[in-house]
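Presented below, as structure tokens, is a lone chain in the form predicted alone.
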Amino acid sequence: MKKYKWGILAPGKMSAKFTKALKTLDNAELHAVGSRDVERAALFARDYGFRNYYGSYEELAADPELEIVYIASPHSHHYEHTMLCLRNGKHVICEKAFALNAGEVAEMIDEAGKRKLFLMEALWPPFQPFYQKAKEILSSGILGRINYMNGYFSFIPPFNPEDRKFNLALGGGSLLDIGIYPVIDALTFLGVPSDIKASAIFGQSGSEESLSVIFSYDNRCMASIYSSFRTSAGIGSELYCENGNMTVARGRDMNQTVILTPHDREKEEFVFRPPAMGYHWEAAEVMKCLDEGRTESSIVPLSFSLDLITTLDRIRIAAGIEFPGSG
């Protein structure tokens, strides 16, 4: 079994979760951590067992032994940091949202293609057992056609204008942080919408704190998308179909549930509690693809990421959300 040397760009809460998942994989080596703060990098490396640490992202990307980089910086810097790593010959898995707009994502994809390097957006849902169960149920035809989807993700974090959730300069707002999840659900279960209408409520930092979106489809299906830092609605999507309904949901602890309610028989509930909060499947997919000589995942293909960011752009424009320098 080939072992791959992993690096973490921007240690923080997400990087800690991802690193814990990496530690469950026998073919992943914890090689290096890079931060703009060398003391922070040293502390993260010590706490999680990385061999090396650097006080700049440039030094991390230049490490000649490093093979794969997980990027968890704010949305506003994903393009810059992904391009830095690709140009230094590193394979990349970058947290969602992939970048601030479709133009940046297209450049990232082009750069990876020219250099024959692996690139994937770190999308959590497609790898999870509750998602696979939901797709299995829909593919079986038992529920018939989907007529309507209601997707939501909201919670109430403490307000801090400098926090990435509220800071416009960092891509702040509910859309890219949590609204992206019900959008992923809609694209997965229904496809790209033909029409989008959206309305946002903006907070004191200038970022949107609540967002409502309506997707319309040519086949007369609709979807509603809701994300907010002002309410606590939880995380999930409800699918209303010809022959019954289905709810896919997860808790903040990542426990996963699929509730199937056919019109003609009793309700069924499926509960999943994956190890390592389910993040290890993302890392395993990167290494599996590299083992097979592939530079793109079939589970999260780059075409899906491009559809996703294009849809997020359409929502942003419809809702009047503007990020500094985002185009």
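Note that residue numbering begins at 1 and tracks the sequence as displayed. Fair warning: this is a prediction, and the values are worked out from it, not measured in the lab.
From this point on, the text means the form predicted in complex with a small molecule, which you will not see here.
A heavy atom within 4.5 Å of the small molecule in the predicted complex is found for exactly one of M14, L25, L306, A319: M14.
The stretch that touches the small molecule in the predicted complex, counting heavy atoms within 4.5 Å, is 29-37, out of 29-37, 265-273, 297-305, 60-68. Within 4.5 Å of any heavy atom of the small molecule in the predicted complex lies no heavy atom of L312. By the criterion of a heavy atom within 4.5 Å, H75 is counted among the residues contacting the small molecule in the predicted complex. Put simply, Y279 is close to the small molecule in the predicted complex: some heavy atom of it is within 4.5 Å. The shortest heavy atom separation between K96 and the small molecule in the predicted complex is within 4.5 Å.
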